[in-house]
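Here's a solo chain for you in structure tokens, the form predicted alone.
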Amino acid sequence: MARILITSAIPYINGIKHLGNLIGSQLPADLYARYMRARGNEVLFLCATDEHGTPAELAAAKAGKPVAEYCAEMWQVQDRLGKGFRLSFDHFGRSSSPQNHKLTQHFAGKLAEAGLIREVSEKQVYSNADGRFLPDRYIEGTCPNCGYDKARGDQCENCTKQLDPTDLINPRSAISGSTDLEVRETKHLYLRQSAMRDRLREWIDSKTDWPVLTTSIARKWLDDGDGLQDRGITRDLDWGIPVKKGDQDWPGMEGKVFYVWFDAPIEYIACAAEWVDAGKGDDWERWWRTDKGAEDVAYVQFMGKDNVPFHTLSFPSTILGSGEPWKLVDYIKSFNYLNYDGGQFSTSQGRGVFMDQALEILPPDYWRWWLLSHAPETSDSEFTWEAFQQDVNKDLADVLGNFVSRITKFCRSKFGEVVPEGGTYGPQETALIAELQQRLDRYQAHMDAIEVRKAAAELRAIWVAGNEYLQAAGPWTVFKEDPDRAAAITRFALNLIPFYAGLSAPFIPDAAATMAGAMGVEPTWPDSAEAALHALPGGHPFTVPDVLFAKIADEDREEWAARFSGVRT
């Protein structure tokens, strides 16, 4: 039994996440966690809300609430929606937790001891209208690289280029919109990432199995221009983790907090401590410290491509620079963007379909299947309502749902609600078992390699194979001449249902539970196609399930396309 640590990039607290956020990290991470559990491995799957920094303050101000109250409420919302999409986190934490406060301050102290933090007097944008310094995300303007007019002062979300606020063209305050800005001097702490360049390069070069998307972004940041730059880790904000060296004050840093991208990845570790303190586990250090057993852990991170630089460079700089035996990531699965109907999904602009809206109109399995089977792994992909309707109706309703409905209803009409006895498997069944074993092997290989779209395509092919068998074998016709042969065909086809349930559970857990429940079993991963297709004996009772997947009608598709064509208010 392997031990698998899985983390999903932690979503910002500033509002409900859209489907692009979901497929960019949380949903594929859940797929992998469910699969690894099904294969008998010990899994710790962690995620949390990212609650510090300007997004939280701006969203709270817009909502007219104190930031702590706003974050507490939005954590509840995101936790509920995660459950709604059946995200199987072992713990869903908060970066504002006491555990993360303590651990972030601990890392800062260790980095200072190692000489990897320096104080910098720098010029920072001050808004006369707002009467305060503006941290990078409080400043918006035009990106000098791609011309996007809503770039933030830390990074352009359009081209992902790292920016400083002073790089922006026509900058303005994100609080008031004022352009009455000036540059004043202030003091901040910087993580000396440049001193870690060679160690980081050696570490990244050793990851020969990482996706090209991940390593290419990391190497670009290492090598472009002057190479990896030192990065500010403090901000002039009220909300955040106070700057300390361990439990000691940091002279000159009074009133400042750590930069959100310094403390947010540390929450992965703190989240495990929260998991233990919540009574869900008994030892978080065996997952995170190599001197406490974590050397045996395989650690896999999931994220969108915009988060890659921080997870391949900044967070590893913190871990390595501390000089302590913390677990480093073994594999980073990164994703491109899912676009929406000719444009981009955007939380800040309210564009696209958001998680709460999606669950209002359809159950989670519809969304899980479509998003995972179109995961933007090798390039950006696009959500359109036409493609969504077409693929859901074909894959889920016409193939999987239709198979389950046809064979259970046929059996009930001819043999009752029990697996029929009589007859033996013949050449058709033997051939299908051989094909399904080959496909099962390929499916497992794709899932092991976290090749999401290839895995979905193989699972779809496994469903199709059963449908084609049932059509070719035709038990409804055979029954008239050879009831025993019809019984054997029916028994074989009914055994396909729990086989499908076990294989489908990581993608569509609700439907898998319904299929297995109808057959009176639990959805389990098959040892082999041969064993699985002999599992239900004659006389085993079952029930005919309700329709697994109702088709999406044209009028529904048209209504939803019109409803989500604008900007969410």
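Predicted, not measured: the structure shown is a model, and the values here were computed from it. One-based numbering along the sequence shown.
Although it is not shown, the form predicted together with the RNA is what the next lines describe.
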property: Whether 39, 262 and 506 all lie within 4.5 angstroms of the RNA in the model of the complex by heavy atom; result: no
property: Contact segment among 166-174, 375-383, 294-302, 324-332, judged by heavy atoms lying within 4.5 Å of the RNA in the model of the complex; result: 375-383
property: Among the candidates 424, 248, 477, 206, the residue which, in the model of the complex, approaches the RNA to within 4.5 Å (heavy atoms); result: 477
property: One residue of 88, 99, 344, 142 in contact with the RNA, assessed in the model of the complex (non-hydrogen atom, 4.5 angstroms); result: 344
property: Distance check, residue 93 to the RNA in the model of the complex, heavy atom within 4.5 Å; result: no
property: Distance check, residue 409 to the RNA in the model of the complex, heavy atom within 4.5 Å; result: yes
property: is_contact(residue 227, the RNA) in the model of the complex, heavy atom dist at most 4.5 Å; result: yes
property: The RNA contact in the model of the complex: residue 354, any heavy atom under 4.5 Å; result: no
